[in-house]
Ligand code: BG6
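Just the one chain here, laid out as structure tokens, in the form predicted on its own.
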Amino acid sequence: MNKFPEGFLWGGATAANQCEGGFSEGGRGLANVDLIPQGSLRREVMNGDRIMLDFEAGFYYPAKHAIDFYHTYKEDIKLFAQMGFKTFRLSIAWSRIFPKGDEETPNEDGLMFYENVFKECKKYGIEPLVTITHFDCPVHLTQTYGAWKNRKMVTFYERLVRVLFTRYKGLVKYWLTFNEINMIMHAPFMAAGLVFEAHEDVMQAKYQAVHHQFVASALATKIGREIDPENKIGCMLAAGQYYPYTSNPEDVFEAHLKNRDNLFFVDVQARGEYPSYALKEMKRLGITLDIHEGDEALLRENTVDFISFSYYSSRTASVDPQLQGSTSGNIFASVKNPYLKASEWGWQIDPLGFRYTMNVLYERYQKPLFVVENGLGAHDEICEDGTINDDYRIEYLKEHIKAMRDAIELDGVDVMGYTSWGCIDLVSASTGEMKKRYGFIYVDLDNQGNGTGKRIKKKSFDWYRDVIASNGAIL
């Protein structure tokens, strides 16, 4: 069969901090992701090594204005509808709903903004797929409480989700609790608003923050089902299996360990308990989690309905120290795989690794999968006639969609839908650039935010429209 299952949810994905802009409009407060500058210090700030809790002179902050989706959402959603989107993945900016994060009463302007966005989607028959927090934490919560290191964050998050599930009942039924929850280990300020003091036990702090997010995610799952039994709530992983660099048993086991480090996050959210290997690892690291009475029952009784994930490339592992970190990726450094080509930004391209990753996730959890990020960041040129011929993007997506089809048809993997990353050009999370473009729709802005903001359809726009119209039969 060439077609995908009936009702397959084709669409595209964005994040509030990479597309909305309007950072100080509608009562919105300041968020961690607003404060990650473009340039040489970006990674230090993302990691929490360089503390930046307010705008500083001499830096450019691309999330402040991004692509101005805050004002152009009607135009943009209309374009998504022209492609035939069945679903649109977007995220909530927490500080639009609770500007500081710890208020008792939500901000009506922020609630109305998202209500209008969801209604605009519904007008075209597009199901919103909503990430509750996509690397988004009000900066006040970092300054006052230490962000997710503090148990009080569970209460603030619970308040947020109660408001969202209640207000948008009937408008939204697909939810993700945290974007790429495993990224907290690799870019903790970006992922969770964490910053670290001198001599702080960073691993202890990260694992405790993760536990608080696990509890918050389980609470959200519980509350979401109580408020609306139609809700489907998933977790979200930055995925991509590690291969061993060689058949040396040490390389094979090193790849196994790295895979396990990632899958740990879904183990807790989908199986409902800490796996034995993770407990052993924390003991070796001298980490003691503050687990409250009732936490374990909450995790056990409120596992997610589905597993969502991002996939851009596979990874490769070796015990040879001279090979470490020789290629780029979605924040993760990896040994370069000599059998794979790479994008302009060094991300290795591996469609079969996509199928492999889906098989691993489905075999391990036996829950439906939802591919919520997959795409190619590339430098697009506008031709003299005004067209943008992004055949390289079409080729990347075509091969990955074929691999997904094989996972479904040949391997029996249950996949709910596919939302390509950056369906409209937006600010790159890893580099803060606009020139690293993913979209079917070009946005006329440069790396410094200069330009008209005009939306221009790329060649891939019509291609993806045909893919959706044929339910994957035409690639």
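Residues carry their position along the shown sequence, with the first being 1. These figures come from a predicted structure and were not determined experimentally.
The same protein also exists as the form predicted in complex with this ligand; that form is not shown, yet it is the one meant from here on.
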Just to confirm the contact call: exactly one of 283 to 291, 177 to 185, 161 to 169, 95 to 103 touches this ligand in the predicted complex at a 4.5 Å heavy atom cutoff, so which is it? 177 to 185
Note: exactly one of Trp148, Phe88, Tyr312, Tyr114 sits with a heavy atom within 4.5 Å of this ligand in the predicted complex, namely Tyr312
Contact label in the predicted complex: Ile67 to this ligand, heavy atom within 4.5 Å: no
According to a 4.5 angstroms non-hydrogen atom cut-off, is Trp347 in contact with this ligand in the predicted complex? yes
Hey, in the predicted complex, is His134 touching this ligand, heavy atoms inside 4.5 Å? yes
Contact flag, Ala429 vs this ligand in the predicted complex, heavy atom cut 4.5 Å: yes
Can you name the residues of 9 to 27 that have a heavy atom within 4.5 Å of this ligand in the predicted complex? Gln18
